[in-house]
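The chain that follows stands alone, in the form predicted on its own, written as structure tokens.
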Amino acid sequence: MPAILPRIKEKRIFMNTLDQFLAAAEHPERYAAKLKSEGASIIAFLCSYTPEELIHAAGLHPMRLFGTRGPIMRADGHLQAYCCSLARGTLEQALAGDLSFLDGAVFPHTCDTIQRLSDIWRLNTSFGFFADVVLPVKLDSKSAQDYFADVLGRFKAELEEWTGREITEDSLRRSIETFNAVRSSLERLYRLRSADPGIMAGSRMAAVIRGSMIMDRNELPGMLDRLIEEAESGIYREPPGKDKKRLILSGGICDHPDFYTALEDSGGVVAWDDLCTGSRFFNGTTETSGNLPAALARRYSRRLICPAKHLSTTARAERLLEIVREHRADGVIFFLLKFCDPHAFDYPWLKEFLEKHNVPNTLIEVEHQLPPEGQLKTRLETFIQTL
């Protein structure tokens, strides 16, 4: 395994629990260096279908990558410019040496671009561990469940071979319990904010989700519990906005805290979302008895699906409408990465479905950087004023 990086000498004083999430979200490389100094081996992933429980049970640290907000140059020699900025930006970081803290990466096959990135990554980087986790696309049959469990079993064996350690039933159960606690706490925090959006700004809530994909999972359940207590005490409360429109954010990833600020300045608030860096990340828990790989397969199959998976021809639209109604939303903003084919193909049908049910919606497309602030706020204000 790669050598451990030198221990960080810098000490930071955190005033509250949220500060720790903000620091990890803003500077994941610093947090990763701290973990390395403590002896952790870090395995990267880019998709919420990654079976993090198995990585954690192997004694490794799973860490989500989000790409770069800087210029993308090196990656353009390997991926076409019409590939999404998440794939290109992450490859840029790897080729530039910005991910030297990694010990490996896992690639669930959820779209064509990630499949191609997987091969390019394997051929052009030198991280120690590499795995393709080829999950089923159609999830509505017993054979798909059996195949899913078999893939997870093979991934478990790959982790055991690389680490030289057995993933025991007890260690996997403990990891499942840890991730169940994390997901349950995130859902509780989301529901608190849906009931009272002023409890925490949207940009801060986004940092909590991002931080939860970066930070030490052993410490995370306790930290989230403290964060919820502090949020309920009112220390993160924002000045109440007048007549804020309740909106649902739907798409792939939203790694732009400034978007939430622009939205709130324009008279809206995100009451809930349908994002893989949001509710799709924490939706559903895993059973802790019986065949544990099969239990993991059931959870990942039954959670909120993304456009790269199939339950039925109407499952995505019906679930989005349920979210709108449950959280009393005034409208939906589709927040999509340019050139994300699964979401781009999904969008026209979702738009038509929502309009049939009289749900206003609009589309915002971004790359690794947001549009100019004035342009973005004009579009948001225009939509919100129509509600």
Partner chain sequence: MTKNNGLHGKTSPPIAMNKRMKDIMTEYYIEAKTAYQTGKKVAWITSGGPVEPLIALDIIPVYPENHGAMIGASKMGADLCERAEAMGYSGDLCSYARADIASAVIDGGPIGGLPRPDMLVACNNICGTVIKWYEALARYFQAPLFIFDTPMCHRDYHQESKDYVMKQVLELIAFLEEASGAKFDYDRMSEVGRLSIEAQHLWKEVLDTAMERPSPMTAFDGFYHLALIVTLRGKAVTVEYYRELLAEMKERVALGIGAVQNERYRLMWDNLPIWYRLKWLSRKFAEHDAALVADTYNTAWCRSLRYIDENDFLGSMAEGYSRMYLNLAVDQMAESIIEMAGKYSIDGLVMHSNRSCKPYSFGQYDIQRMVRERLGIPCMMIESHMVDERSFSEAQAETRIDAFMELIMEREK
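Please read these numbers as outputs of a predicted model, since none were measured by experiment. Numbering follows the first chain given and starts at 1.
Not on display, but discussed next: the form predicted in complex with its partner chain.
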Query raised in the report: Taking heavy atoms only, is P62 within 4.5 angstroms of its partner chain in the model of the complex?
Result: no
Query raised in the report: Wondering, does C83 line up within 4.5 Å of its partner chain in the model of the complex on heavy atoms?
Result: yes
Requested in this report: Please run the contact check for F339 against its partner chain in the model of the complex: heavy atoms, 4.5 angstroms, yes or no?
Outcome: yes
Query - Contact of S118 with its partner chain in the model of the complex (heavy atom, 4.5 Å) - result: yes
Requested in this report: Could you work out which of R174, H78, R299, K244 is the residue within 4.5 angstroms of its partner chain in the model of the complex, going by heavy atoms?
Outcome: H78
Query raised in the report: Tell me, which of R183, H109, H256, R303 has a heavy atom within 4.5 angstroms of its partner chain in the model of the complex?
Result: H109
Report task. Within 4.5 Å of its partner chain in the model of the complex, counting heavy atoms only, one of 218 to 226, 165 to 173, 138 to 146, 186 to 194 shows up; tell me which. Result -> 138 to 146
Query - All of F130, P307 and Y347 within 4.5 Å of its partner chain in the model of the complex, heavy atom check - result: yes
Requested in this report: Between 145 to 173 and its partner chain in the model of the complex, list the residues on our side with a heavy atom within 4.5 Å.
Outcome: D146, Y147, D150, V151, R154
